[in-house]
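The data below hold one chain only, encoded as structure tokens and taken in the form predicted on its own.
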Amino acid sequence: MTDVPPAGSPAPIVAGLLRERKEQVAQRWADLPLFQAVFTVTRDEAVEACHAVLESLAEVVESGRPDDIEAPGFSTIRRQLAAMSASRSHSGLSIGQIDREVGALRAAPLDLLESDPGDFGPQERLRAALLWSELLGTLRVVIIETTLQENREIVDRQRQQLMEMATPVIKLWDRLVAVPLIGMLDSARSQVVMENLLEAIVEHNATLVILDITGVPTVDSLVAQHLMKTVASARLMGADCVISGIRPAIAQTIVQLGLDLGPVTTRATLADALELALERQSEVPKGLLPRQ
């Protein structure tokens, strides 16, 4: 059930102002940085965007929930606000600067209310001004929340891209691929490793995989678990795994922790793993033949 403003509420004044003076307010807002810098194709585009925001704010006022960021009116413009805040953020503005740009929207409706108050007395105009200030404060919270969410999504995408770049799958020669792991291996990254490796096994029809952990600083039970899951996944795809880069310190850690790598083949260095791969080949791969 939709809430309604209580009797004597200034909501009708504010909603009427936002709708009846919509064109005047939109024309002023369209020249402000928040809209002007985002809608750069034509000024009419910026004015139309202002109309949409004003109509949504009027709906929020009429719902009697001017302080609720979940009010239905805000949901209709969240995508637009997200695009606007993302554009300003990509331009290098901080959240504080974006907030100040939103705060600049406050003046236009108040100026119109003061210059042409209609039949409303000073007390009614004061209450209407307070309600508009409250509504704009909520809009600022909505935009800040939207900006933070957009920034989080950007950071997540960048982190995903970095993980993929940091875990390449290299085709060494026919049916043999290698994954050089560098840095810590956590749950998120191990998932990326597994997905990239399985795709590479299918793409290259690989039957042997070398997981090189020379660049992994420490191996604990969690890292060992991730490695075993990766090995098991590769085996299900028909590829055997060799783990290389077992340094003395890592070997001692594995023994001390009582970790069981099971039937996984291990080698001290990547060179040793490559030698093993050669032994398993029925013939010398063409890629290793000297160039004429």
Partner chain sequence: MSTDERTETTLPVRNDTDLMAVRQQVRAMAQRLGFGLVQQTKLVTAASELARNTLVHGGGGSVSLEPTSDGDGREGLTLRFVDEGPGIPDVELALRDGYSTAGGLGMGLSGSKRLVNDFSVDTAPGRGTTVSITLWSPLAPFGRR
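Positions refer to the first chain, counted from 1. The structure presented is a predicted model; accordingly, all values stated were derived computationally and were not measured. Here the rigid core means the biggest group of C-alpha atoms that line up within 1.5 Å when the two forms are laid on top of each other.
Form predicted in complex with its partner chain: not shown, discussed below.
At a distance threshold of 4.5 angstroms between non-hydrogen atoms, residue 217 is in contact with its partner chain in the predicted bound form. Although the partner is absent here, residue 42 lies well away from its partner chain in the predicted bound form, with no heavy atom inside 4.5 Å.
Taking the partner from elsewhere, residue 253 is found to have a heavy atom lying within 4.5 Å of its partner chain in the predicted bound form. Proximity of residue 258 to its partner chain in the predicted bound form: non-hydrogen atoms within 4.5 Å are present. Contact annotation: its partner chain lies within 4.5 Å of heavy atoms from the stretch 242-250 in the predicted bound form, the single such stretch among 242-250, 65-73, 32-40, 50-58. Among the residues 198, 107, 222, 129, the one placing a heavy atom within 4.5 Å of its partner chain in the predicted bound form is 222.
None of 170, 184, 202, 155 but one reaches within 4.5 angstroms of its partner chain in the predicted bound form through a heavy atom, and that residue is 184.
Along 20-54, a non-hydrogen atom within 4.5 Å of its partner chain in the predicted bound form is carried by no residue at all.
Taking 2 Å as the criterion, residue 42 does not count as shifted between this form and the one not shown: its C-alpha moves by less than this amount when the rigid core is aligned. Superposition on the rigid core between this form and the one not shown places the CA atom of residue 222 2 Å or more away from its counterpart.
Superposition on the rigid core between this form and the one not shown places the CA atom of residue 251 2 Å or more away from its counterpart.
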